[in-house]
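The form predicted on its own is given below as one chain in structure tokens.
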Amino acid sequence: MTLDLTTAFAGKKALITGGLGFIGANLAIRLVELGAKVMVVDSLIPLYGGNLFNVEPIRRQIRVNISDVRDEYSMAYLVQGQDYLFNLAGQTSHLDSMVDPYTDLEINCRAQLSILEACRKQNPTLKLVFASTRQIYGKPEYLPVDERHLCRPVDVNGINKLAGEWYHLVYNNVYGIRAVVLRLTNTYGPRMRIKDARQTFLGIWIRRLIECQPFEVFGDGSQLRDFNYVDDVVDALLLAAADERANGGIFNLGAPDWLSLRDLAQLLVELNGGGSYRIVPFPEDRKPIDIGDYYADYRLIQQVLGWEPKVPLREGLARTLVYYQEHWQHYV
């Protein structure tokens, strides 16, 4: 049985790390609509996607704290009195993690331990949802990938996100801090970073389309991927937070309408009413960390929490293009 989210969060206090970023801002907007008292925490480091315009619709209804999750003293203060912590802050670029592995280690690994220690010492009764990534699986041995698949990350980002997952599960199991891990696949939609490909390759594709420039598809374009519209990901985060059956669990997100990157590129051009793309060889720095085909088996979260994606890819991409056509100046 799926919980009624319209009543689960009314009057509750929710803290969102990375709350001015893509997923965090969309989550904050939904929580405000549900009647929650929301605080967002973000470092606003230029490379990581935080953008004050992302919360423009609710800017007078939330509290914004500009702080870094690596600051353990700030986190020790901020977690006090919270009912929920949505832990979305992170360094998302796989390539950057290989160029600067120590920063990735600090943000995606050590900072997670600091957050959990803050919860243990200051507020052990809150519920914590950690946003992880499908990158921890590495190159799939079989498709669709379920939660029993071996975890063999192909880059530093995947290794550190995997460590972050297990810190959360250890604190759930040992200290009773209720924690859930969601392994996100390719997430897209309004408010995602489009300046470059640090958050998702779809961002730079959309920028090039709107700028009437060709975008690049690496490899031969046959790689298969699945995609979740951000509203569906927000639903999953809320269900994981509200439902006690999720505690201590790891859940894949995914979608039924997976497709090749070439087909995705053609669909984007069609929805945009024009544009072009080029199939180009993998850059030398990206080829070793590409995972090939990937799409997830999300039946576990479907069975336990009743979650399933609702927004078809075509509809979600169309909404996304409209958003950036309307708000272009705030994202480039």
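Since the model is a prediction, treat every value here as computed from it, not as a measurement. Residue positions are given as counts along the sequence shown, with the first one as 1.
Another form, the form predicted in complex with a further copy of the same chain, is not on view; read the next lines as being about it.
Considering a further copy of the same chain in the predicted bound form, the lone stretch of 98-106, 210-218, 227-235, 79-87 in range is 98-106 [heavy atom distance within 4.5 Å]. Pro288 is the sole member of Pro288, Pro46, Pro283, Gly273 with a non-hydrogen atom lying within 4.5 angstroms of a further copy of the same chain in the predicted bound form. Here is the short version: of Pro190, Pro140, Gly203, Pro153, the single residue with a heavy atom within 4.5 Å of a further copy of the same chain in the predicted bound form is Pro153. Taking the partner from the other structure, a further copy of the same chain in the predicted bound form has no heavy atom within 4.5 Å of any heavy atom of Leu259. In the predicted bound form, a further copy of the same chain lies within 4.5 Å of some heavy atom of Asn160. Mapping the unseen interface onto this chain, Glu117 counts among the residues with a heavy atom inside 4.5 Å of a further copy of the same chain in the predicted bound form. For His149, a non-hydrogen atom is located within 4.5 Å of a further copy of the same chain in the predicted bound form, even though that partner is not displayed.
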